[in-house]
Ligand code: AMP
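Take a look at this single chain, the form predicted on its own, given in structure tokens.
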Amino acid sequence: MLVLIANLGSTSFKYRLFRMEGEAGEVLASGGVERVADAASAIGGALDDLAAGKAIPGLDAIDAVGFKTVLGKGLTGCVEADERVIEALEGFSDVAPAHNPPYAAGIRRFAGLLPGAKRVALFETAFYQWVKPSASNYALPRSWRDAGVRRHGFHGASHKYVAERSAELLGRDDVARVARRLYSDGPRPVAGAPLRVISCHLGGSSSVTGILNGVAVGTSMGFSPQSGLPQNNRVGDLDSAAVPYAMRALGIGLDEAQRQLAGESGLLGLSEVSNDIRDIAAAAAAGHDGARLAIDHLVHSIRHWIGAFLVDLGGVDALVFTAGIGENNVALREAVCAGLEGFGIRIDPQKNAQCRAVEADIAAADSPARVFVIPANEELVLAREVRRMLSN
């Protein structure tokens, strides 16, 4: 089965083409277009480039297209990407404005360009379907909750891959099977001791998720991708009373307040240097106070959520770092793990310093908990789910 994974942004389109034979996935081709007026218009050109290559005989050989959709109103899971999905995306376009409109337009575009290929959407919220109500609800009136205001959670494909791969690395094939088949079978009991994993997806946007026996028990992100840890230029967690207060104090309207919270906040707002952690780290090393504050705040927020899930899970068997910052930033991993020896988390400084963008166990030999770096592989998770859904 040939599965094309479409990654759509507001100004970019990237793809990865998999040949799926069972659970294994072979990448046949990848590519995309950056900095375009809109992603939907770039899809045709990217597909022309794919067709001109030697990976496949023609575009009609593609069996399915998978979309890593973010947030749907009243809809989650792994489902056919039909009009129902488009309506769900458009219903929450104002909540995820950088993600939902491009995916809605992209799904329609693929329907016209590849009419013979099945279209499948895997929502980023899908991994959190089984979080208990006490952890997924806000303390709001029923009318708000009925309207869909709840803790949805995001980065689901990334955290699901961590659930699968960390179980494999720990020799827990029983948990790995549960994690791999979660969307089709739901949670399943395991015979061995509980496997407790805390997954830190740290990149342009970041989140921390607690995982028990391959299933999410909670996450730092909430109603929208704007929440949780400080993002590159999005605020993260904020007291709801701060918004109307700032509007009055600064004399700005709601649209301007939302623009600043989504575009001028997070690491950019704190550092006043950049939204890129590499630039911020360089400025901090040169003595820039704002840059130092941004890094310290990010570390504090990560540790805050690790602490929450240490309590929720009753301990931890593996702490995992993934995504661009998590895989590459040696100093940040060290800062996050500092002083956690009492919780069974102890890293080996030399292993940590040598690990950049490769899978590794950076825990000290005598650490009760393992500390893994696992490169993100969201596309493979999506390709597997597409194959499984269509095979079933």
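Note that residue numbering follows the sequence shown and begins at 1. Everything numeric in this text was worked out from a predicted model, so none of it was measured.
From this point on, the text means the form predicted in complex with the named molecule, which you will not see here.
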Quick one: does D276 come within 4.5 Å of the named molecule in the predicted complex, counting heavy atoms only? yes
Heavy atoms within 4.5 Å of the named molecule in the predicted complex: does G218 have any? no
Does any heavy atom of I347 come within 4.5 Å of a heavy atom of the named molecule in the predicted complex? no
I'd like to check something about G204: if you look in the predicted complex, is any of its heavy atoms closer than or equal to 4.5 Å to a heavy atom of the named molecule? yes
Within 4.5 Å, heavy atoms only, which of A40, A360, A323, C337 is in contact with the named molecule in the predicted complex? A323
Heavy atoms within 4.5 Å of the named molecule in the predicted complex: which stretch among 325-333, 361-369, 26-34, 54-62? 325-333
